[in-house]
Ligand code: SPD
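Below you will find one chain, with nothing else, as structure tokens; this is the form predicted on its own, and questions on how it binds or moves follow later.
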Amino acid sequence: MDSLHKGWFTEFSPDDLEKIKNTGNGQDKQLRSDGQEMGGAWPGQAFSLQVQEVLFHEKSQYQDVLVFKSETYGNVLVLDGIIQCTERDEFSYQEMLAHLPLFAHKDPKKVLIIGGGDGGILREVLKHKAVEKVTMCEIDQMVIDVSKKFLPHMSHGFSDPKLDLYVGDGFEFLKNHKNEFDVIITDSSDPVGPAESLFGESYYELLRDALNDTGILSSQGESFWLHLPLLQHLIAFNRRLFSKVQYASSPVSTYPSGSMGYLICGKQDHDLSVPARILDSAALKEMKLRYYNSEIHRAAFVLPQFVKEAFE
């Protein structure tokens, strides 16, 4: 069975799909961090969307890139069989991953984005008037190109003069940038294959060193319903690297389990769940925010008891 079948796209856990296709036993598709195996991505479950039209489907140098028009979620970007965004609900993820660190910071001027080739995080960062420069590292030019063509509402920021775009490996980029950024945002795929490096301690050491003394980072933080051992590992080593480590979550309808987490770390010991700047209704409308607000910022850090205990 393929991901595209009889007018439907189905998102399988990568390890399950490998077994379904009889191309392996799933071991190569396990989540990993620092060499430790963390299980499958979302084994034993799948999510489907009805396809109206396939708009683009090619293999880039790095991954399989698919864009299709769905019946109910608009255009959908899929990388290596995993949904990255849909027009219907993308803002719920983009706004939280970007605005949690940006509003936790008192005055973010220089921002680095690792990944995020669809342009959604860039769009949100550019809504902050204080931001003077945005540097972005995306490894796959094809993702940028198809997003410009099929996701223009997300990708219009690529023409902004504040942007310095670097098409290449973010891990390598960080090695040459120290004490430079106010905020760093990692919008990565799951830690399967090459993306494993973005979930390891050495990567977070580079992030820490690239931040200035008041710097804050946010990273795509998987789901506590599916990836609790991985999150425990991430939080444990980041507590050795940063003065403050906190975890937030919010619903995102087309991500596995319907929820997404955000790992927020700061080099200063202050509560990142408290926004440094409060938005009134006029500011919310000016920034065209559809999900994030100051109350959601605080609430996102309130975790279920089993998750709190797991992170203690």
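Note that the structure is a prediction, hence the values are computed from the model and not measured. Don't overthink the numbering: it's just position in the shown sequence, from 1.
The form predicted in complex with the named molecule exists for this protein as well; it is not shown, and the discussion that follows is about that form.
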| item | value |
| --- | --- |
| Open or blocked: site for the named molecule, pose in the model of the complex superimposed, 2.4 Å backbone/C-beta cut-off, 3-atom minimum | open |
| Triplet 82, 94 and 255 all within 4.5 Å of the named molecule in the model of the complex via a heavy atom | yes |
| Segment that reaches the named molecule in the model of the complex - one of 125 to 133, 181 to 189, 238 to 246, 160 to 168, heavy atoms within 4.5 Å | 181 to 189 |
| Interface membership of residue 260, the named molecule in the model of the complex, 4.5 Å heavy atom rule | yes |
| Partner proximity in the model of the complex: residue 75 to the named molecule, non-hydrogen atom cutoff 4.5 Å | no |
| Residue 220, heavy atom within 4.5 angstroms of the named molecule in the model of the complex | yes |
| Partner contacts for 157 to 173, taking the named molecule in the model of the complex and a 4.5 Å heavy atom cut-off | none |
